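First comes one chain, alone, set out as structure tokens in the form predicted alone.
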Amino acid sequence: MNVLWIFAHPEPRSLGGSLRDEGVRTLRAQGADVRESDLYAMKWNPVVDADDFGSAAGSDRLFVGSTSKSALQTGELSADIRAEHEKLAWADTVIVQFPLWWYGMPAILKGWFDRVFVKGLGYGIQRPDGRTARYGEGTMNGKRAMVVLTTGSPEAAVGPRGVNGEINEILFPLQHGALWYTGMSVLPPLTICGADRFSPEQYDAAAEALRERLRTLSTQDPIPFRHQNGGDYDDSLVLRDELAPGRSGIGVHLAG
């Protein structure tokens, strides 16, 4: 198994850093090959700018709505983006680890997606029949992904009736809108709650929970998101009336 571990925490001595180290050790002990993208250690630039696209800098053809070749196709991407593309091509599993900040990922991680998931890799993929390949299809189809999340919230507060919202709804933009969109099968997240007040016993339990999830990376059932092109959606990409009748919201995009 080839695993890319994307880590976005500014403090390597944090709970998140300790869990990352534990996770990487566990995977390697299992015989997996692991590569890391430690975004803060890399001093990753999170801002999309003209330098990302070489000689094509400043051209509107690089952005949404373009019908011409992408910078990926023309080889004009900056070196740091190309390096991340090589890691993604190599990996069959991607771990995305970060602390939950203001209901989302740290800006440096959002910037990784903004800069790395370019047209030709993250979007703008056409099937032979002319349909757009996304939501279960795309360049990263066949890969698996899992979010490892730390949050200061108590576990009950990110539960179904918790004041902070249910964790899979909080993560929907990432899990459905980025990972599943590009074709990855998304495993249920591992959420470590109460991260700002951990006891040694709680750490031991969290580390064991992480080890157990990593032992079963290849066998866990993914979140059953619906495929865009599987017949569940009409030509306007709206869920068909006979599916989840009378319901709306994020939950209708889960099959079953």
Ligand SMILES: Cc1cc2nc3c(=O)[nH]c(=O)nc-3n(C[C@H](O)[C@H](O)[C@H](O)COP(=O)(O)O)c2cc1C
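Position 1 is the first residue in the sequence shown; the rest follow in order. Small disclaimer: the values here were computed from a predicted structure and weren't measured.
The same protein also exists as the form predicted in complex with the ligand; that form is not shown, yet it is the one meant from here on.
Not displayed here, the ligand is kept clear of G111 by more than 4.5 Å at the level of heavy atoms in the predicted complex. The closest heavy atom approach of R20 to the ligand in the predicted complex falls outside 4.5 Å. Though the partner is left out of this view, W101 does reach within 4.5 Å of the ligand in the predicted complex, counting heavy atoms only. Using a 4.5 angstroms limit between non-hydrogen atoms, L210 is distant from the ligand in the predicted complex. Remark: of stretches 124-132, 144-152, 181-189, 111-119, the one touching the ligand in the predicted complex is 144-152 (heavy atom within 4.5 Å).
Interface residue among D49, D33, D204, D196, judged by heavy atoms within 4.5 Å of the ligand in the predicted complex: D196.
Although the ligand is not shown here, in the predicted complex the stretch 6-34 places heavy atoms of H9, S14, L15, G16 within 4.5 Å of it, in sequence order.
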